[in-house]
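As a starting point, one isolated chain is supplied in structure tokens, in the form predicted alone.
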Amino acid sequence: MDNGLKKFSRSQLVVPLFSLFLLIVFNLIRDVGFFSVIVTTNNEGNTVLSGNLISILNGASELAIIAIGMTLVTASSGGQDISVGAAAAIAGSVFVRVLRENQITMPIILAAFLAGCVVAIIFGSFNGTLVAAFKIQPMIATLILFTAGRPIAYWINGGATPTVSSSLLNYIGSFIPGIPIPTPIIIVIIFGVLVSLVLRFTNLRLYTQAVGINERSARLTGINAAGIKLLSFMILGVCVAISGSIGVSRIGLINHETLLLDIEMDAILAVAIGGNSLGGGKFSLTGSVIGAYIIQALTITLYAMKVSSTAVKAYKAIVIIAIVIISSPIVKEYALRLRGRLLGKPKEVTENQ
């Protein structure tokens, strides 16, 4: 049991799970029914689940999906893509453009999503090429699309913010009749399982971590480092397309100015809170997804405490700074030494370091 506790204390999931635990305890003390789930009927007459817990899981869906892709980019390239919000606006614009030019049916929705996915992958490949082939730091390379992305999205639909109305789209953005769980939550689960299976049954995790830890050594072992980096940006493109399509389906229109605005910052924070090094290397997708839900839970908590929307970001920043500092290597090392002193095993702790 002691070995299991020691192994867990060194896990990347310690900080995100501890942070989530603190949020849960704080909210239960403040309001014992904060996480209660109730069964209600929505405007369409369907029986659905609602409550703060459902709002957290539902509201963080786009962020959780993008955090998965951001984790792979961070792990392989040692940097972050700050253009994901703008790329989502482009993918969402393509999604809407295809829908508006056809009668909306499920095959057309699928075709529209695939079109948005292809465009997002192309832009992701552009970013990946700048990083992998031209050795440009990721944040600088993606600054181009961060700046130009939303104007491109605005141009795709002729300088308009068109709406799309369809019960099928409403199913994607809210609830499928007969299923009480919001559809975005189901999409996150399905996508997370698919990515986990890919990482489990291929060498993608190993290669990504190897490139992020030491690119030169990875190349010497025969790994195509540039290809791994490019692939991670392409996967992020898929994540962006999914999130952009969900965002459009939620509100039934494409607003290039506000669609997933500032989500790139939340995605980077989710990766950091998830215990991942922003310098690349070993990663935990589970930690990043938990980080996304922590950010959304913190937002819902602040709103429940009647904090004004203009002040929410400031309060979030304070809490997130504290979480990131706690998860820093220096604090972790100090915690391990303190644990060793309390357990009376300082020698063993030193050897494991």
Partner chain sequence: MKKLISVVLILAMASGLVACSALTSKSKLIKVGIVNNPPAESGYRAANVADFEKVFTEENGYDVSTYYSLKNDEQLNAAGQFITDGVDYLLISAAATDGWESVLSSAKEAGVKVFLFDRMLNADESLYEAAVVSDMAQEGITAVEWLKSQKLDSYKVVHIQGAMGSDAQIGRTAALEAEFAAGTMTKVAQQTATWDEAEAKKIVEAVINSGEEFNVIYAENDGMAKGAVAALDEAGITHGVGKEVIIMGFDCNKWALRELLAGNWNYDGQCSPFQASVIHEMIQKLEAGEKLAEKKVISKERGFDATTITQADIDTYGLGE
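Note that the structure is predicted; figures quoted are calculated from it, not measured. Residue numbers count along the first chain shown, from 1.
There is another form of this protein, the form predicted together with the partner chain, and it is not shown here; the text below is about that form.
- Interface residue among Gln137, Gln209, Thr258, Ser125, judged by heavy atoms within 4.5 Å of the partner chain in the model of the complex: Thr258.
- Put simply, of Met106, Val198, Ile190, Ala160 only one has a heavy atom within 4.5 Å of the partner chain in the model of the complex, and it is Ala160.
- Contact here is defined as any heavy atom lying within 4.5 Å of the partner chain in the model of the complex, and by that definition not a single one of Gln12, Pro329 and Arg341 is a contact residue.
- Stretch-level contact check against the partner chain in the model of the complex with heavy atoms at 4.5 Å: of 65 to 73, 319 to 327, 283 to 291, 42 to 50, the positive one is 42 to 50.
- The shortest heavy atom separation between Phe175 and the partner chain in the model of the complex is within 4.5 Å.
- Proximity of Asn27 to the partner chain in the model of the complex: non-hydrogen atoms within 4.5 Å are absent; the residue sits far from the partner.
- The shortest heavy atom separation between Arg100 and the partner chain in the model of the complex is within 4.5 Å.
- None of the heavy atoms of Tyr315 is located within 4.5 Å of the partner chain in the model of the complex.
- Residues of 236 to 256 lying near the partner chain in the model of the complex, listed in sequence order, are Arg250, Ile251, Gly252, Leu253, Asn255, His256, the criterion being any heavy atom within 4.5 Å.
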